[in-house]
Ligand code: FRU
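A lone chain, given as structure tokens: the form predicted on its own.
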Amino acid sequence: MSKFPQPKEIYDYKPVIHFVPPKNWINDPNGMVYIDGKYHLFYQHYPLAPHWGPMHWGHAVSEDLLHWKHLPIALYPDELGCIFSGSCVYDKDNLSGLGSEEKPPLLAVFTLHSMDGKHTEHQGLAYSTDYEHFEKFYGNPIIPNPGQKDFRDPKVFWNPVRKCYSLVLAAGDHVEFYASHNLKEWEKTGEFKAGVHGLGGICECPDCFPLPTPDGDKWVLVISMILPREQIGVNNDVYDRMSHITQYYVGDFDGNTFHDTEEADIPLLLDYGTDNYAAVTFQNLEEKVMIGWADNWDYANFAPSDGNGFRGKMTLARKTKLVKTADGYRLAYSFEGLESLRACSYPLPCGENRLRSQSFGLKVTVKGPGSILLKNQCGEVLAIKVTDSEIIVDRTAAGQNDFSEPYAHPAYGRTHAPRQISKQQASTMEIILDKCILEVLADDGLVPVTASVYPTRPYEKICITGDLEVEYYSVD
């Protein structure tokens, strides 16, 4: 039995445009790759219950990043372990020899997590030529564990310096880089320790990729972090309030390892909210598009779900770019795939307006301080506020919160994200509410905030105050 009260199932929380599994549990996005006009999303999945269990890889495909076709489970646990996080690479030149020129293979590189009580982690390989049914590689593991407790989540990427593939994986308090010319045999090339700048702890789900800037390409290293228990909440701020948080570094990749050339004075967070973890980018896609797990390990196992027992959801796809700010280069985001929906937007006046949907988007021009309040008949209020110095998302009175002590805690319920654009400068903000998930991209995409919300009735009114110009569009 859960130590928390079971949530009240009032109405269907299943999102309209956010990815959820057909049934039961999901967490990290895995193996995201783009092939022949289709986006492939693999994901951590326990198909037997709406809570975490022995991990499989679920699989779905989409042509627009909004509507997904569910495919059979791609990878099942075997004698070497269950299937933890990893990545896919479209081996278009058949460097691995596991396909052919006519049918280049899709390779899945993942962590095998032993279920013998020792929890040993190795890196495994599987391959497919129809991009749906996978065969495990006979030579697994391809990267044996060198004796580390935490050794997981490989992300494969093209290495332009060595003219081969590299991967980055999490190894305790640091990440390690490996290189290969055939995607089967790997040599270690370097390490990068988290926390010299930014947050220290146990690393998970890294990603490493270049982005163009006026100063030439810069490399971004993303690392999801498990913070030490003694560090959580020490500073009582947005950077250390949770046990799991995702940060990034901006710098250079020399072909062997990553170098943090920005050396930021504060942690660079991928998202200031509570519900975006383990985000990674699509492989074989020219632009860098990212999806994260839109939940939080501190309460995900207890969160309300729909009648089918699904538990877990993904963020919308976000296109990433680097923007030079007064403090250095920072990631900025825009929602990918919403163009046709935005085209049907219409303005909302200040004051109180009626809402006709549980799922919608808002395009906002921010000219000064203001607020957007979503209300229902139960007195529940979800608040998005803009001040001169902060973007505030307050869900403390937004709906159900008695299913989890951390979820109900004010430190989790109120996000205070520092603004990245001067108060004298107008900026854009885009907001998506999709039943149980709120995504905010403020300050021209430089301030992302993602938060799960569970109203006991649909929000029926939107109240706009201050110096905000708001346009509404439906995503139903």
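In this text, residue numbers run from 1 along the sequence as written. This is a predicted model, so every value here is computed, not measured.
There is another form of this protein, the form predicted together with the ligand, and it is not shown here; the text below is about that form.
Q: Using heavy atoms only and a 4.5 Å cut-off, decide whether all three of C208, Y249 and D260 touch the ligand in the predicted bound form.
A: No, the whole trio is out of contact, none within 4.5 Å by any heavy atom.
Q) Here the chain is shown alone; which of Y127, F403, F84, Y90 has a heavy atom within 4.5 Å of the ligand in the predicted bound form? A) Looking at Y127, F403, F84, Y90 one by one, just F84 meets the 4.5 Å heavy-atom criterion.
Q: Consider the chain as shown here, without its partner, and state which of V447, M55, A451, M32 has a heavy atom within 4.5 Å of the ligand in the predicted bound form.
A: Result of the distance check: M55.
Q | Stretch in contact in the predicted bound form with the ligand, which is absent here, among 23-31, 405-413, 61-69, 421-429 (heavy atoms within 4.5 Å) | A | Partner-contacting stretch among the options: 23-31.
Q) Y76: heavy atom within 4.5 Å of the ligand in the predicted bound form? A) No, Y76 sits far enough from the ligand in the predicted bound form that none of its heavy atoms falls within 4.5 Å.
Q.
Test of understanding: in the predicted bound form, would Y333 fall inside 4.5 Å of the ligand by heavy atoms?
A. Answer no; every heavy atom of Y333 is more than 4.5 Å from the ligand in the predicted bound form.
**Q.** Contact flag, D394 vs the ligand in the predicted bound form, heavy atom cut 4.5 Å
**A.** No, D394 sits far enough from the ligand in the predicted bound form that none of its heavy atoms falls within 4.5 Å.
(Q) Taking any heavy atom pair closer than or equal to 4.5 Å as contact, tell me whether Y277 reaches the ligand in the predicted bound form. (A) Yes - in the predicted bound form, heavy atoms of Y277 and the ligand come within 4.5 Å of each other.
Q.
With the ligand taken in the predicted bound form, which residues across 142-161 come within 4.5 angstroms through any non-hydrogen atom?
A. In sequence order, R152, D153 come within 4.5 Å of the partner.
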